[in-house]
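Take a look at this single chain, the form predicted on its own, given in structure tokens.
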Amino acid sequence: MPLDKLDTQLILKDAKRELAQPQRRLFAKQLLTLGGLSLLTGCTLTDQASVNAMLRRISRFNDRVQSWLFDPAQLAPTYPESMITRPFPFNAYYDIDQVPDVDAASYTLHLSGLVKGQRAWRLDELRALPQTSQVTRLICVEGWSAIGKWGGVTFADFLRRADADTTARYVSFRCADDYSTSIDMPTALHPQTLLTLTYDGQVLPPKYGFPMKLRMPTKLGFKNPKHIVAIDVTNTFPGGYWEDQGYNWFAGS
């Protein structure tokens, strides 16, 4: 049924109110395009719940488009060390005094799901694996970016060493700070996706994710989990902390 002028104005007002909330900033940057607004104004949506539902449908469509466009061989830009942002900003859904205190001696990384080598990895075992480093830009959904130097294990190599099923659809992460997220397998296998153990040549500091952070320059910052304690390989969609609240799941940068 066609909308009259008043209905259209109400829909746009509802959408703008949703996007004014901090947790909707990703929609404003990636999801709510002019085409999305056209969809909103082409339906009888005049209440907040309906606008939320439509935004989520647009987000799922955006996920599909981004996955089609993603080139697993295309590298993100790298930078000279002279361009490293110092100090590199702290960012989390909590204050810096709430960073978890993870004990290196007792730390273990647990693997589950479609992984033949389902075992716990100690920190010294992870450090003994072949290491690489990159100087790349982290882009935050809040609008800022920073360049950092990250070192660690290429995630694709780690998954193969663990005999994970790399034809599975998703990899999910659970963290010591109760954070969670998940990524698509092509991103997991991207050559710049790292299980990072160091920052700027030093042991990864707690504020940046000790003992281990997943670093993906092809994804927005909130997709890069810190303090990882468990990894699951699965064909069941896992969601994540922010994704379950409406953030775009694919979230390519």
Ligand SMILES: Nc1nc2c(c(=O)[nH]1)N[C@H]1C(S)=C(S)[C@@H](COP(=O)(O)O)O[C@H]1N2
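Quick caveat: nothing in here was measured; it's all calculated off a predicted structure. When you see a residue number, it is the position in the sequence shown, counting from 1.
As for the form predicted in complex with this ligand, it is not shown, yet the points below apply to it.
Using a 4.5 Å cutoff between non-hydrogen atoms, Y79 does not count as a contact of this ligand in the predicted complex.
In the predicted complex, none of the heavy atoms of F158 sits within 4.5 Å of a heavy atom of this ligand. Within 4.5 Å of any heavy atom of this ligand in the predicted complex lies no heavy atom of G117. A residue is said to contact a partner when one of its heavy atoms sits within 4.5 Å of a partner heavy atom; A162 fails this definition for this ligand in the predicted complex, lying far away. Proximity to this ligand in the predicted complex, defined as a heavy atom within 4.5 Å, holds among C175, V153, L111, V135 only for C175. In the predicted complex, no residue of the candidate spot (R127, V203 and F210) has a heavy atom lying within 4.5 Å of this ligand.
Stretch-level contact analysis of 103-111, 88-96, 162-170, 127-135 against this ligand in the predicted complex, using heavy atoms and a 4.5 Å limit, identifies 88-96. Along 218-241, these residues reach a heavy atom to within 4.5 Å of this ligand in the predicted complex: G221, F222, N224, P225, K226, H227.
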